[in-house]
Every structure is written in structure tokens, then in C-alpha cells.
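Take a look at this single chain in C-alpha cells; it is the form predicted alone.
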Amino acid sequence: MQLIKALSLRLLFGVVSLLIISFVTFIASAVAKGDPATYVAGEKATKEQYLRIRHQMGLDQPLMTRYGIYLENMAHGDFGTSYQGIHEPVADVLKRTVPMTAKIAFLAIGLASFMGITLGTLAAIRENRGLDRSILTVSTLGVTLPNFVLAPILVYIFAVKLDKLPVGWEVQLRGPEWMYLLLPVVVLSLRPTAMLTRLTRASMVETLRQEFIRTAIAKGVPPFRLITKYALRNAILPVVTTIGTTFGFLLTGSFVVERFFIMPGIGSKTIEAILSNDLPVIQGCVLATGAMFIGVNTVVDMMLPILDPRIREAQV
């Protein structure tokens, strides 16, 4: 019961965090330069038309009243309407763009987690040897090499020179979808892979020096079982926590990656909305990004008691 209470409390904190994000984005949009009614009415609108549209949008009401209306509408799935183009509802924009960003981000964090934990474990086992130094060198390169530098290099190699992968996303895909996702996912996962590799190595090196590992070796525990069941299970806790926070880097990094590869995701849509000062779309995209980040970190918090009985006992 206490464990369920602790998990429920984390969910509550997630909701509160989302409310704070909504408040900050709403206030930032309210104090931003430009009048939303002017964007909707157009430059040639009469003063009467402008005032009518301003009243319809609720811009003549106090700020906190407008925020309350915004929360009420948001609770019913109404995030407003885009100022640009065909004035598409923001909810429809999110339904179209969020799945692509979520797909790229989850594939990237999955690849980064697998590669980071695997390489970090191998480096720790071969500490201060050739394999360890090679992995550390590559991981250092991964941390220092930004996405906007790596993306053109990989596109030049695999899309231009070798002609094995498409340059960017296309409206009509000419091949399997994985071919269009491969480069964006690899580019997006490189930095998290490097971070998780170094963290896993440090945690595994420290764990392998613990007394219980020596006891397990003395009892004749097979090497594979020793590494996976005893060492890695105890060393992976800080890594799992970092995976949750790293997901935030993936979401922000996806803005650059989606823009470069012309991916129809929330990152590229947010940049377009910022350039056109489309405030409702900006608000909706920021909220959707924040919700994904909070959701992943909540799942990570729920996983920790499962992985470590000590945390579960402490919560109980």
C-alpha cells in the first residue's frame, strides 16, 4: 500500500509539473511581442473587425481569467487554433506530429541504452586495457561532437557517396520506413550513448571492487552470471536514473535533427511556429514535449523500486 502511495505521489508531481509548464508557456506567450488578434484578423481588417476578433479570442479579459479558460479548454482537448495557413486546430497538429517525434526519441533512447550499457560493461571488464581505452576514446568523441556536425557527415557518407540511405524524409516514401529513420535515430542517440557508456563503466568499475563480488567469485559463480546478475544489477541503478533525464536531451536534440532531415515531427513544427510567431502551436508543442519528458521520468521512478528491493523497502 505504501509503495502504491509513493508511486501515486510521483504521478501527482508529474501533473503539477505539467501545470507549471502550461503556466510558464502561457505567460511567456501573453507577454510576447505582437497581438494575436492582429494575426487572425489580418492587416487590412477594420477596427470593428479587430475588436470583435479580440473579444472572440478572450483577449479583452484579465490574464488569469484567460489562463483559467485555457486550462479548461485544454482539459477538454482544445489547445487552440493555429494562426497560420488554414487555421488548423492545435490538437490536430499534435496528433500528426507527436507520433513521429515519439518514435524517433524512443528508438534513440532504446539504442543509446543498449549500446551505452553494453559498451560500458565491456569497458569496465577490460579496465585499463586496449578495449577500455578505445571505448573511452569513442565515447569522448560522442560527447563532444554535436548533432549539427554529425548529421551532415553521415548524410554525405551514406546518402551522397554510398547512396544507401535517403537524404531526408519524403511525402511519398520510396522505401521502407526504417531507412528514413536510421540516420536520425543514430545521430540523436550518439551523445546519450556516449554519456551512458561512461556512466555505466564508472558504476561497474566501482561495483566490481565490492566485497560481495569477491565473495561471489570465491564461491565459483560463472563469469557471465557474475557480471549480469550480481554486478550489472547493482551498477545499473544510476544508469536507469540518467536514462530518464537523458530523454530530455533527446527531445531538445530532435528539434535540430528533425529540421535537418525534414522529419514531420513536433521538433520541426515547433521551429516553424517560432519563426512565424504561431503562439498556440508553440504552447501545444511545448506542453506535448513536457508531457513526454515527465511521462518517461515517471516510468523510470516506478522502475527503480522493481530493480532495487532496498528502494522498495525504504518506500514501504
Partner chain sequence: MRKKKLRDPLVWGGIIFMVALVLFAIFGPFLPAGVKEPVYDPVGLPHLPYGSAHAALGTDEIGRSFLQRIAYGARVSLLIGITVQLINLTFGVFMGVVSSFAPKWIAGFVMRLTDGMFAFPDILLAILIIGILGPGWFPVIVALSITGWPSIARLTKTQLATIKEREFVVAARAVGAPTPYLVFKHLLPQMSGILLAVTMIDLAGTILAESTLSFLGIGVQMPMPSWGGLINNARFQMNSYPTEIIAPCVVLSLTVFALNFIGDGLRAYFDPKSSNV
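Numbering follows the first chain given and starts at 1. Please read all numbers here as calculations on a predicted model, not as lab measurements.
Quick note: we don't show the form predicted together with the partner chain, though the next part is all about it.
The stretch that touches the partner chain in the predicted bound form, counting heavy atoms within 4.5 Å, is 145 to 153, out of 127 to 135, 232 to 240, 77 to 85, 145 to 153. The candidate spot formed by Ala202, Phe260 and Leu279 lies fully in contact with the partner chain in the predicted bound form, as each residue has a heavy atom within 4.5 Å of it.
Comment: the partner chain is not present in this chain, but in the predicted bound form one of Val24, Leu9, Val15, Met302 has a heavy atom within 4.5 Å of it, namely Val24. At least one heavy atom of Leu141 is located within 4.5 Å of the partner chain in the predicted bound form. Contact annotation for Leu63: none of its heavy atoms lies within 4.5 Å of the partner chain in the predicted bound form. Using a 4.5 Å cutoff between non-hydrogen atoms, Leu162 does not count as a contact of the partner chain in the predicted bound form. Taking the partner from elsewhere, Leu59 is found to have every heavy atom lying beyond 4.5 Å of the partner chain in the predicted bound form.
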